[in-house]
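Two versions of one and the same chain are coming, encoded as structure tokens; call them structure 1 and structure 2.
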Structure 1
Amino acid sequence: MNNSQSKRKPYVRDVKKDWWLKNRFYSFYMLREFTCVFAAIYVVILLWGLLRLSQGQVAFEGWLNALHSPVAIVFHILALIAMLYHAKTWFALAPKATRLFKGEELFPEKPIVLSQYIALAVVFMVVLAIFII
């Protein structure tokens, strides 16, 4: 085929930096991705605690005291909210990654999602019980 006469000139639109602000779905997606920042900081705090623990009781108690500062408390509340939000999106994903069949019918998503919340509640209770005992 001779294309020399072609008037084709496909126009490629570029992706703007604020693409994720144009659609609520994308904004919530970006929010979910952003929760990883809290997870990362939290891991650093925990590792730091471990390091202090290895340095003896005085060092460890210093770390514990630092956690009682208002900044640390505010951070932990924010981190908790971020992680709950992330967990919610993660739980919602589970039925998509498993796809259980009941005979020829796809098992409904709701019970699968719900069962994870129940499992989370159970784990939470167990951990709480261990700390109280």
Structure 2
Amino acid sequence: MNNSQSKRKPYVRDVKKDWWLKNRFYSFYMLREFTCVFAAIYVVILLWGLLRLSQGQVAFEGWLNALHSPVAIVFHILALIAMLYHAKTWFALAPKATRLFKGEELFPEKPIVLSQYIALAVVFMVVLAIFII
């Protein structure tokens, strides 16, 4: 039986478009989810750079010059802020998402969060060393 034959009236709860603005937790949650827009745009920019690289040196240099525009610089700063916020919230979420046990007791969250920050710092230093050397 499909819904057109049903005599029941389904319950549809009214949901306002700004429901997430009324609770601080949901506001930050939506902000965190919005950071993926910056990640997606950045992926497109990098793929565009790969395409330009495959088209030759002149095309690639044109892409590089476009990255020096004020709009691109502002976008990169905003994307960096968004990704740092995303990383911070992810690091705080990870111990809750993966519950580790040490024997019968739950492993404390602080070492898990701290180890992620240390791993981020190591990766940052490696990338920085690659670009400096």
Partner chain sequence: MAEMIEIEILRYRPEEDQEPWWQSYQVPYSKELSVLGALGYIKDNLDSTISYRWSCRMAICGSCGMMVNNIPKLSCKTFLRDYYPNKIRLEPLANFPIERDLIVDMSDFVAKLEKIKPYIEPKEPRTLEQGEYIQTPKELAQYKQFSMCINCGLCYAACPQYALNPKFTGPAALALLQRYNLDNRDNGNKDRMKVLNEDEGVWGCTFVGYCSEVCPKGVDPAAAIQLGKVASSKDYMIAMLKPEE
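What you are looking at is a predicted structure, and each value in this text was computed from that prediction instead of being measured. All residue numbers here follow the sequence of structure 1, with the first residue given the number 1. Whichever C-alpha set is largest while still superposing within 1.5 Å between the two forms counts as the rigid core.
*Asks:* Just to confirm, one of these is the form predicted together with the partner chain and one is not; which one is it?
*Replies:* Answer 1, the form predicted together with the partner chain.
*Asks:* Core-aligned, is the CA shift for G56 between structures 1 and 2 2 angstroms or more?
*Replies:* Comparing forms between structures 1 and 2, the G56 CA shifts below 2 Å.
*Asks:* Rigid core fitted, then: does R13 show a CA shift of 2 angstroms or greater between structures 1 and 2?
*Replies:* For R13, whose C-alpha is compared between structures 1 and 2 after core superposition, the shift is 2 Å or more.
*Asks:* Would you say whether H68 is displaced between structures 1 and 2, judging by a C-alpha shift of 2 Å or more on the superposed rigid core?
*Replies:* No, because once the rigid core is superposed, the C-alpha of H68 moves less than 2 Å between structures 1 and 2.
*Asks:* Using a rigid core fit, what is the CA shift at G103 between structures 1 and 2, in angstrom?
*Replies:* Displacement of the C-alpha, rigid core superposed: 2.6 Å.
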